[in-house]
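Shown here is one chain on its own, the form predicted alone, set out as structure tokens.
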């Protein structure tokens, strides 16, 4: 998968109400990714108006402060029955 750019999580805007990270896209819209998606290992933010994507550079430990800001917790792992 090809991405438009790599962006540090610190350079993105976090909205604690929606729990979405965003970053300006060249098309005029914004790349977006949910904090839970990042926590689950999906490091790609997508622009809803065009086909561009960016890779978000972060350590999983970085997300703790954002969860605290949003007043929530990381998602619990899903138990899979064998």
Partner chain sequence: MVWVNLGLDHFEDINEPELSLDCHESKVTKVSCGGNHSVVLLDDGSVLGCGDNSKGQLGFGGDSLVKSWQKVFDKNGMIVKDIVCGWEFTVIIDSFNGVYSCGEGLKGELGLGPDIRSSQQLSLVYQIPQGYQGKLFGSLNNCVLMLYNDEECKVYGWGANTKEQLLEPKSRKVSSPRLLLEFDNTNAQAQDSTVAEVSMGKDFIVVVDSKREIIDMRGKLPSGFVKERWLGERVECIGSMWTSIHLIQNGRMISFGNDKYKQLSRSGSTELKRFSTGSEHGVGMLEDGKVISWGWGEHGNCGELNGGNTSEFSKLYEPRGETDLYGGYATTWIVEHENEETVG
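Owing to the predicted nature of the structure, the values given are computational and were not obtained by experimental measurement. Residue numbers count along the first chain shown, from 1.
Beyond what is shown, the protein has a form predicted in complex with the partner chain; the following relates to that form.
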Practice prompt. Indicate whether the candidate residues 33, 40 and 64 are all in contact with the partner chain in the model of the complex, with contact defined as any heavy atom within 4.5 Å.
Written response: no
Practice prompt. Check whether residue 23 has any heavy atom within 4.5 Å of a heavy atom of the partner chain in the model of the complex, and answer yes or no.
Written response: yes
Discussion item. In the model of the complex, does residue 52 come within 4.5 Å of the partner chain, counting heavy atoms only?
Written reply: yes
Practice prompt. May I ask you to check whether residue 13 falls inside a 4.5 Å heavy atom distance of the partner chain in the model of the complex?
Written response: yes
Item to complete: Report yes if any heavy atom of residue 44 sits within 4.5 Å of a heavy atom of the partner chain in the model of the complex; otherwise report no.
Response: no
